[in-house]
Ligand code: ATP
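Read the single chain below, which is given as structure tokens and is the form predicted alone.
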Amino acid sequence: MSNFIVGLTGGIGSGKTTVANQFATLGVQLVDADVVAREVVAPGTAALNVISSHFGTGILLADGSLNRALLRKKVFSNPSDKQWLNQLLHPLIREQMLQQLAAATSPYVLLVAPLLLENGLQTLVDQLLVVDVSPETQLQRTTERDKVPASQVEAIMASQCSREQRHAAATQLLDNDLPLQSLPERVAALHQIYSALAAEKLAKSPT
């Protein structure tokens, strides 16, 4: 298993997935909190049954899967529903992420989590890479990508950690306002740093 975990986070629209995929091309295994969050509510899971009991079967799509857009709309407008859902899902997501991190075999593993800081997951990581862009870039990218009004994106941004909080927590910052063609080179440089730190930690750990 990997004994070295690099956390990767950033605000909405910062380009976390693009950066994570670049690490993946270098052979780094990813544990993605968004993917895990979908897995724990897949059709047939206990969590999905509990959610449909709570909100009614109207929360499901015709194929029996969760209507994530409708659920997001419901909890965003109702704090008590949001709290209930978080209490149900966060322990399940955390447990699944820990299992996947423990099973990773690359020299280090990347934990990709949009709400890494908000959910206190920084305690799990050895290094924290923050993908950083300006608020203007976040707004433009997300409205274009998700075809949603700016007010909705601004509300999501306001619910996340501030840019200053992410900067303060980061061990490395990756400026994703820079041209995309420079990204592979900058990720490769970070990969060298993390590989060296992982090897150093492994050498120090008891056999």
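Residue indices: 1-based, along the sequence shown. Keep in mind that what you see is a predicted model, and the values were worked out from it rather than measured.
If you look for the form predicted together with adenosine-5'-triphosphate (ATP), you will not find it shown, but the lines that follow are about it.
Remark: T18 counts among the residues lining adenosine-5'-triphosphate (ATP) in the predicted complex, judged by a heavy atom distance of 4.5 Å or less.
Under a 4.5 angstroms non-hydrogen atom cutoff, adenosine-5'-triphosphate (ATP) in the predicted complex has R145 among its neighbouring residues. At the 4.5 Å threshold, heavy atoms of A69 stay clear of adenosine-5'-triphosphate (ATP) in the predicted complex, well away from it.
For R163, no non-hydrogen atom is located within 4.5 Å of adenosine-5'-triphosphate (ATP) in the predicted complex, even though that partner is not displayed. Of the candidate stretches 23-31, 60-68, 46-54, 178-186, only 178-186 contains residues with a heavy atom within 4.5 Å of adenosine-5'-triphosphate (ATP) in the predicted complex. No member of the trio P107, H191 and S195 reaches adenosine-5'-triphosphate (ATP) in the predicted complex with any non-hydrogen atom inside 4.5 Å.
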